[in-house]
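Next comes just one chain, in structure tokens: the form predicted alone.
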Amino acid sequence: MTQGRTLTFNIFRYDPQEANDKPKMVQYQIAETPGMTVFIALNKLREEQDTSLQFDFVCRAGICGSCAMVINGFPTLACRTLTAKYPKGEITLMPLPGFELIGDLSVNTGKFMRELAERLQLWLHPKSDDIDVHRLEDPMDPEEAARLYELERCVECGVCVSACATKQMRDTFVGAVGMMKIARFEMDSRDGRTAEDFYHVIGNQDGVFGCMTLLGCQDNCPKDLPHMQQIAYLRRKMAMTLV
């Protein structure tokens, strides 16, 4: 890595809470340090140059998904993106499309995920209504637990939503994150819902049959989740309900 070079950041700035504010790109320059990430650079810019700069972060370790943004045209996590990745030293930052803008690079992914969970009923539906909180939980096969864990690694960063062309064209499309979560419950032996039940939720153009298989979710997911594998799995399941 070339040390001591000057990085140029072109950052989208707009605060919808300010009546007279208008969207614009603002340029900043900062000295690069070894191992610098876009997240570290943003913090230095906010601390040293512009305290009004808005962006989100919590864990700084690629676990919370809060710092997702569009970096040089690709949606990804700022905390896992090294500035050394860009040899020209020019970095353009934009907020994730498809979400309500809070300000600058900050978007309301939480509102989207909450509404998605309510719409798709993304919680376990027990097979029995006779719930005893004192009864020990039924044991789960280790292989099944491993399959569910793989799908539970989603950090709800919103990258797959912003990378999805279908979602950008059709706002009602549930996106890869919605189908990943549906697949998680469809695979769970403790869930009492049938394939027909899931068909009524995602067996349409807003669900599995609306995906155009452009691989935006698969190519950009920072956790390398098997989005297309699960969408294909659900498609087969939903198609079989029509036979």
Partner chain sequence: MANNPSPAKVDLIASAVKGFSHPIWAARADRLQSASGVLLGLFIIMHLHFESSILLGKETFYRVVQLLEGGMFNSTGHGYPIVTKVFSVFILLVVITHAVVALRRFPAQIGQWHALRGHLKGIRHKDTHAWFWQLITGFILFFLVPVHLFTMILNPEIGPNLSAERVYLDNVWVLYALLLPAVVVHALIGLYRVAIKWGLVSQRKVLRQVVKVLIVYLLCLGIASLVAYILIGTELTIPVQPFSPH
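None of these values were measured; they are calculated from a predicted model. Numbering follows the first chain given and starts at 1.
The form predicted in complex with its partner chain is left out here; the points below concern that form.
*Asks:* Give a yes or no on whether every one of Phe12, Ser52 and Leu105 sits within 4.5 angstroms of its partner chain in the predicted bound form by heavy atom.
*Replies:* Judged in the predicted bound form, none of Phe12, Ser52 and Leu105 sits within 4.5 Å of its partner chain.
*Asks:* Met140, Ala165, Leu124, Ala117: which sits within 4.5 Å of its partner chain in the predicted bound form by any heavy atom?
*Replies:* Of Met140, Ala165, Leu124, Ala117, the residue with a heavy atom within 4.5 Å of its partner chain in the predicted bound form is Ala165.
*Asks:* Check each of Ala31, Met212, Ala61, Val26 and return the one that places a heavy atom within 4.5 angstroms of its partner chain in the predicted bound form.
*Replies:* Only one listed residue qualifies here, and that residue is Met212.
*Asks:* Partner absent here, but in the predicted bound form, which of 34-42, 200-208, 184-192, 52-60 has residues with a heavy atom within 4.5 Å of its partner chain?
*Replies:* Answer to the contact question: 200-208.
*Asks:* Please determine whether Ala146 contacts its partner chain in the predicted bound form, using a 4.5 Å cut-off between heavy atoms.
*Replies:* Contact with its partner chain, no.
*Asks:* Under a 4.5 Å heavy atom criterion, is Lys88 part of the interface with its partner chain in the predicted bound form?
*Replies:* No - in the predicted bound form, heavy atoms of Lys88 and its partner chain never come within 4.5 Å of each other.
*Asks:* For Arg170, is any heavy atom within 4.5 Å of its partner chain in the predicted bound form, or not?
*Replies:* The answer is yes: Arg170 has a heavy atom within 4.5 Å of its partner chain.
*Asks:* Is Gly65 close enough to touch its partner chain in the predicted bound form, meaning at least one heavy atom pair within 4.5 Å?
*Replies:* No, Gly65 sits far enough from its partner chain in the predicted bound form that none of its heavy atoms falls within 4.5 Å.
*Asks:* Suppose contact means any heavy atom within 4.5 Å; which members of 52-85 contact its partner chain in the predicted bound form?
*Replies:* Going through 52-85 in order - heavy atoms within 4.5 Å of its partner chain in the predicted bound form - the hits are Val70, Asn72, Gly73, Phe74, Pro75.
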